[in-house]
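Read on for two forms of one protein chain; each stands alone as structure tokens, with the labels structure 1 and structure 2.
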Structure 1
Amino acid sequence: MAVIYSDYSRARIGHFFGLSGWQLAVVALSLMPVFVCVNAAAWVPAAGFVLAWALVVVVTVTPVRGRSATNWAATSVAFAVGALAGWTRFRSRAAVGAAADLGVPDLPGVLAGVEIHDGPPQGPAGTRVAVVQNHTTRTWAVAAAVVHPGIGMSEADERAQFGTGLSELLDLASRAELVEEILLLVRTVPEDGAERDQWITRHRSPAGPTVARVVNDELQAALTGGCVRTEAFLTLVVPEARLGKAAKEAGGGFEGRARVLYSLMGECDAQLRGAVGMTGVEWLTSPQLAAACRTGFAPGDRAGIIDALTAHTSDPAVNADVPWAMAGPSGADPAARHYSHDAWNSISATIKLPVKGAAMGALAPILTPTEPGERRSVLVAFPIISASAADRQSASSEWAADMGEGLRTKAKVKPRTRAVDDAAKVRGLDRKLARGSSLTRPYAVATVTVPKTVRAAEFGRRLDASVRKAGFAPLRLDLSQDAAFAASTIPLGISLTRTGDT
């Protein structure tokens, strides 16, 4: 029997009838004019203030597709002003002939603050791992291309073992108190047949039977369009606030920060290859990360990069690298419901966990394309809360649960089953933290990318259908499609839980 993971609850529990502190304050203060008018026997103004109070309650309390009405209004105004002023439109420096330094990244939106460093040489081959510095969010990140055999044919015990290994990886990262987030990104890319074409070029004999060649070529043409390949990346994100002190003890400067990141890579590498069951973990160098970034924006460019890499092995004069100035799109335009980049459109949706829980491998239908040429990407993010913050949050949530239960009892309001379950999970959280478990707020973002020659809205609807088929509820990330695409498709450590001022 598959293990169902359902031991999660809301990050915060409202003190009174599910309301947070600021919501309760707004509702209470907006009611004061009503009491003043009633005290003065001004019944007509009191009736008007009651209607205004009801409107304030609806706007403050009622969520609309995951956000409050005030948040929707502020975000819509900001998006409209940015679009009218041309701030959201991106044209790369290379596209307008102004790329002076090819080694400087030129990326749009939330990726604009990224800088790529070559880490110090490590290992017998002197590999220089790419270190991603995000000046906007003040974080450092390293990314690895990982290979996992999959769990489609695994028994329940083996799946539970992989799940335990992932939990141990999160606990390991939490104990070091350096890694703030672990991002696992999977892309299902349409098969382009680049490797097979190279293999045939090297091994096909001119003296071979013509009929066999024709049959082979026809089979390739028929099967390649229906096949997909899977690319998986794992990214460790460390904030400067945690890394600075440790880096000073390791020598300071960029070298010290790189040494600390390398030590974290070593710890996670052993856990990934062991309990998690990864068969391949390769920490990406700067050229490899640039190629992963470029194919994220333009999936159709992968075949050309593979051909260049193959030609480079026999002719060193062939340039197989993707310069960072050309790793992004030539142009990008975020719209309200999709993200347009080069000749592609992408639609992203976040996934809400079901109350009944989810089994390991339940996200597989989301990664399955519905038509040739369609690419699916899924990001599963594990933000790790520090031990001190987890203790404070546990104590605060437990106090809020007790207070809410007491207020409901005094108001003689029968608690709903969901509220009772959330309160029980909050009270059990402190016991788990005491036993050494880490506290995370996992979330997932799914993205579909299709050529501009097809209707993107139709594939967005199919993505929503795949999410529901997997047992989850989708929430389209309207007005934030560019940030959602960068987080779920580009392995540069972009997160939805971190803003630019943290």
Structure 2
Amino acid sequence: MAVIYSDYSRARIGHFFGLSGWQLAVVALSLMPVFVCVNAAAWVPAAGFVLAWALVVVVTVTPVRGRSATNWAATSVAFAVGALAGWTRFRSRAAVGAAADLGVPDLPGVLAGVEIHDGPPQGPAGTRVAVVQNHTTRTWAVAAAVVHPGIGMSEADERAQFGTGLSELLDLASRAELVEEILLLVRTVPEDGAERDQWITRHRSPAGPTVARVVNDELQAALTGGCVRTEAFLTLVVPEARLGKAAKEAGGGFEGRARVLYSLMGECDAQLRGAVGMTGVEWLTSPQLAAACRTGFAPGDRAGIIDALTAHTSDPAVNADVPWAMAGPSGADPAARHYSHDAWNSISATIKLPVKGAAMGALAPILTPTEPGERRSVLVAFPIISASAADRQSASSEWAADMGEGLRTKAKVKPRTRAVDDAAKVRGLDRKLARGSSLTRPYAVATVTVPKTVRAAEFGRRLDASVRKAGFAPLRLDLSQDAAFAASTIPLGISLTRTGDT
């Protein structure tokens, strides 16, 4: 019997009654005129200010499609100003003929602060893993291409075993108190047949029967267009605030940081290959990461990269690397409801979990393209909350639950089922934390990418339908399509919720 996971609740991002700092400030400040009027015994203006205050509260606090009305207004203005000023458009330096250093990443928006370093050589092959330094969020990241056999044919106990492996991975990261976020990214990409073409070129026998050749060629032409390929990446994100001290003990500087990251990779690798069931974990070098980045922006470029890589094996003069200056899009134009990059359009949506819970593998429909040429990507991010922060959050939630329950009892209000369930979840959370589980605040973002020759809106609708088919609810990330795309498709460790308080 498949396990249904339902023991989760909406994460309260705010710290004060669920409000963020600026919301609380607006609410408090807008209440001031009321107090002034009451103090002056001006009751009629006080009543007017109370009404105005209520309006301000509604506009500031009530979320509409993920944002408050104020947030919508502020973001829309920022978006309009950015678009009018030409800031939101992206034209790569290479595209305008201004790329000076090809090794320097030239990426748009939230990816602009990324710098790629080659880590020190490791292992018998002396592989230099790419270390991603994000100057904007002050984090370090390493990414791996992973291969999992999937759970499509796994029995319930095997699924449970893989699931436990993932939980243990998060616990492991929590105990080490270094990794702040683990990002799992899966891309279902239209098959381009690049490797197949290479293999056929090398293995086809000139003496083979013509009928066999015709059959193979025609089948390949018919099948390849309709098939997909799965690419999966895992990214570990470590903030400088946590890494700095450990790095100093390891020699300091970039080298020290890389050494600590390598040790984390080793721990993570063992867990991934063991309980999580990965059959392949390859930590990406800088050229591999650049290729993953470029194919994220332009899926159609993969065939050319594979051809070059194959040609490079026989002729070292062939340049198979994707320079970081060209790893991004040559041009990108964010729109309110989609993100346009090179010859492609993408639409992203976040996924709301159902109250009744879901089984492992329920995301399957979201990763399944509906038509040839469509690419689906899903990012599942697990920000890991430090043990002390988790304890604090759990204690305050339990206090709030007790308080609510006490007030209801005093007011003789019959508690509703949902309130009872929520209180039980809060107490269960505390129990689990006390027994060694770690706390995480995950989120998932799904993205569909289609060529500009087809209507992106239609495929956005299909993505929403797939999310609903999977039993979840979609929420379009409008006005943030560029950031959502970067996080959900490019394995550079971009977080959409990082606040620095975890």
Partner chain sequence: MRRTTTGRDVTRLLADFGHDLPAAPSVSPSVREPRLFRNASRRGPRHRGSGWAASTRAPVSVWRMTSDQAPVLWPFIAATGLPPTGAQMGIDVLSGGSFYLDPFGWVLRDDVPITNPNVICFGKPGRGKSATTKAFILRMMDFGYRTLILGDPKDEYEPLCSVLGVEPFRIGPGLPARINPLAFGPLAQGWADLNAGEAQSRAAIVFGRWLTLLRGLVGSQRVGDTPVPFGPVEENVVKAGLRQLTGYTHGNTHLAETTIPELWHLLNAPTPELVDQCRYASTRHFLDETRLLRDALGQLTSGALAGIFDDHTSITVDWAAPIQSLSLSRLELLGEEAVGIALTCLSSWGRGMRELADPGDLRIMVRDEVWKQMRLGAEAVKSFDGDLRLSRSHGDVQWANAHKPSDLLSVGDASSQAVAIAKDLLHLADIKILHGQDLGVARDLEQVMGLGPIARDVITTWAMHGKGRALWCVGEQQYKVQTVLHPTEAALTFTNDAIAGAG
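Structure 1 provides the reference sequence; residues are numbered from 1 along it. For clarity, every value in this text was computed on a predicted model and none was experimentally measured. For the two forms, the rigid core is made up of the largest set of C-alpha atoms that agree within 1.5 Å on superposition.
- Only structure 2 matches the form predicted in complex with the partner chain.
- Relative to the superposed core, Glu240 shifts its CA atom by less than 2 Å between structures 1 and 2.
- For Gly404, a C-alpha deviation of 2 angstroms or more is recorded between structures 1 and 2 after rigid-core alignment.
- Relative to the superposed rigid core, the position of the CA of Gly280 differs between structures 1 and 2 by less than 2 Å.
- Relative to the superposed core, Asn39 moves its CA by 10.2 Å between structures 1 and 2.
- At Arg416, the distance the Cα travels between structures 1 and 2 is 2.9 Å after the core is superposed.
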